[in-house]
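Only one chain comes next, encoded as structure tokens, the form predicted on its own.
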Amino acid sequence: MKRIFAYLLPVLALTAVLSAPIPAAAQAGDTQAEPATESPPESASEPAKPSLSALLTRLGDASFDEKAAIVDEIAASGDPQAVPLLRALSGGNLYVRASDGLAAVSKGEEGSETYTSLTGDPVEAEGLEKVRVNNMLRRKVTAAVSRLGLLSPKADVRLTSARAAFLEHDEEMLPLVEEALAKETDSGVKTALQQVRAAIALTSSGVTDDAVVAAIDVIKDRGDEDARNLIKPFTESENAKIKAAAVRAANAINTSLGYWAAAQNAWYGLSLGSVLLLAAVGLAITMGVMGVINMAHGEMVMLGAYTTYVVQDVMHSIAPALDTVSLVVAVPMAFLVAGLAGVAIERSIIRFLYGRPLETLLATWGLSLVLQQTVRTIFGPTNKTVISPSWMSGAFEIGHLTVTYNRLWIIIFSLAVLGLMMALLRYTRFGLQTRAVTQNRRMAAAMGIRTDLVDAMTFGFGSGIAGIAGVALSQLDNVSPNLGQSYIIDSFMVVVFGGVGNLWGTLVGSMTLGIANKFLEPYAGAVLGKIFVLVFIILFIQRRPRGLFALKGRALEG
């Protein structure tokens, strides 16, 4: 062992010496050291690009030729504000303050303009001077914006720019499109760029017949109105080959657009059906339990809409940061306001008119006029606007079908309300008593159920659901004293068609009538379409007086 350590000790000592760091002074004085192989920093070899504000200070007083050169520098600056700045310049809305290079965009009519920065912040008008443009400069700016968009590192920006370029189909953009195609890796953007190239081919001169046919086949796959309009002139071409390809493509596009139009009508029908469902579901329970034709049901919807307006206005004045949740807060508030109003109406008027349907109808109709005038006196005759929260704004596309977020949320909301109502009527004591009174009022009273209390609670519950419908309608229409009158007749048709007191019938009836209305409107118009639906319902109830889904054992008192 001693001999082994005697051999290892010098080796360990030599290793420690060799691995020790070399002092900085020795490195600096070592003339035999190898020269550094690292290249100098890029910033040292290339001149620094001027800032956007520095370019803007030169833009105001420059000549048009100088402005064109500055546009190239702005496009090459890589600043994220370059694209909105160039778009404002092209539209003639760009103002610059020479003292600090501040850019502002004008809004409003001449003489009453307001100015905002590129980020949307308000800007004082003092010192701002408009940047003049001519046609040459506009073309320069358009080309720069297109280049920035088509070569952007973000795929969604490239796709948006490609779609815009398809509508312009400018022949001068062909080299840029070819350059973007050569670099493109996203399949969706690549397809859009190929369609741009095909559109340019169709609108350019000197293109061979085979190239025109190939371009028509590419644009056919786009399948929208813009593609059809671009192909339409070639359906009358004297060249048989081109004409055949164009007619074939136009027929394919027409068929595709027909299917998408039907899908769009079905979506609009579902959207209208969800509104009718919310407006009619409370009425269905009221008529099923009490046998009362409540002509003031639309005013319960109106009260819910005005409650939404008040809640949003109060929350905005107290805590503007909570604007996005004001609609959520308005739902229970609208239910309470309309529900309490419904209980008050039942206790003060309707309870004395049971078994007298004509008097009930006249009394509730007169009450609806009183409620409208009361609201008109308090809030004024002008319409009130309820602002949609950010999560209900905007839309998205599925193929050629446009789906707006507000209508999508209303469909989900209406189905959720229907589900909660079904659960309430199925699994609670109130629901059990309500179903008992609906099926046989006398037997329910004989079993000890207070039918008068059930009537009041049911009327209040149905009115509260109508108030919730007002919350949803405030996102689709202006809030006005006449809001409920637009839906009361359709609500009665839904209830009669689906079956009085049956929630499944109300769901099927509202969706059926909503879709039928939207499919009839393009051919017969809105008014005549409603007349056709009304005639159909009249004929239908001649065969099935209790509607699609009649409740067994129900004893409605007429």
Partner chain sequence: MTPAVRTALFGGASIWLLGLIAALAVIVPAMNLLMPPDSAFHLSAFAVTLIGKYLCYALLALSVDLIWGYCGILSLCHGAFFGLGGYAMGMYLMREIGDRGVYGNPDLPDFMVFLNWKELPWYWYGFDNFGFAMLMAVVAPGLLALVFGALAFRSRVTGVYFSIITQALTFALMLAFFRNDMGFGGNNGMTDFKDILGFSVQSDGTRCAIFVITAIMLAAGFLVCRAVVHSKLGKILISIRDAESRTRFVGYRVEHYKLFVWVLSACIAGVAGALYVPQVGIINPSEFEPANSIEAVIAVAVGGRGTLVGGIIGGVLVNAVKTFFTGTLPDFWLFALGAMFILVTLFLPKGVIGLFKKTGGIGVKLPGLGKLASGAAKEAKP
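Numbering follows the first chain given and starts at 1. Fair warning: this is a prediction, and the values are worked out from it, not measured in the lab. We call the rigid core whatever largest set of C-alpha positions still superposes within 1.5 Å between the two forms.
Missing here is the form predicted together with its partner chain; even so, the following discussion is about that form.
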Do L55 and its partner chain share at least one heavy atom pair within 4.5 Å in the model of the complex? no
Any of the heavy atoms of I531 lying within 4.5 Å of its partner chain in the model of the complex? yes
Within 4.5 Å, heavy atoms only: does M287 come near its partner chain in the model of the complex? yes
Examine V496 and determine whether its closest non-hydrogen atom to its partner chain in the model of the complex is within 4.5 angstroms. yes
Note which of R376, K183, R426, R450 lies within 4.5 Å of its partner chain in the model of the complex, where distance is taken over heavy atoms; exactly one does. R376
To verify the annotation, which of these, L322, V314, V370, A125, has a non-hydrogen atom within 4.5 Å of its partner chain in the model of the complex? V370
Based on heavy atom distances of at most 4.5 Å to its partner chain in the model of the complex, which listed stretch, 331-339, 354-362, 99-107, 156-164, is the contact stretch? 354-362
Is it true that V500, I541 and R546 each have at least one non-hydrogen atom within 4.5 Å of its partner chain in the model of the complex? yes
Could you tell me whether the Cα atom of L358 shifts by at least 2 Å between the shown form and the other one after core superposition? yes
